[in-house]
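Below you'll find only one chain, the form predicted on its own, shown as structure tokens.
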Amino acid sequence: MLRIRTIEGQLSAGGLKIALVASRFNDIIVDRLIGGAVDYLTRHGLERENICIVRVPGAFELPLVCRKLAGSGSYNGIVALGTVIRGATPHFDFVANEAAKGLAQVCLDTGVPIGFGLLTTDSLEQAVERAGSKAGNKGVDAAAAMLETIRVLEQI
């Protein structure tokens, strides 16, 4: 029987340099996402001095700053963190869509893994649930996805 080669990322952050790009808008939620991501990364071996947190005004600014950081060659990966909560106008759709598309494009253009930690919720309650209560912490999930992707890419 032939063996199938499987490539999987190991969840070890030792020796990496990681940037977290976090929006200040809805900071009561985003700060919880940052806390989750930092906790996850340090528990998986990342030294705190190898973490850089960059604050931006809102979710719309995430892609530009992530592109600049990715292009610097200083970071193995980036975690993008923000919260967009639906309001009574179409503003939510524009910001959420463009931020998501922009982050995906940065990933593809630069080859630097970006953990997608941008919450897009219908209410503040949903955001709270995803920032460390009932639905877990999406900052943790974004950091984990980024870390695993870094380690997978190293093997390809």
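What you are looking at is a predicted structure, and each value in this text was computed from that prediction instead of being measured. In this text, residue numbers run from 1 along the sequence as written.
The protein also exists as the form predicted in complex with a small molecule; that form is not presented, and the subsequent description refers to it.
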State the residue from N50, T110, N26, Q126 whose non-hydrogen atoms include one within 4.5 Å of the small molecule in the predicted complex.
N26
Could you spot which one of A37, A131, I114, A59 gets a heavy atom to within 4.5 Å of the small molecule in the predicted complex?
A59
Interface segment, criterion being heavy atoms within 4.5 Å of the small molecule in the predicted complex, picked from 87-95, 102-110, 42-50, 64-72
87-95
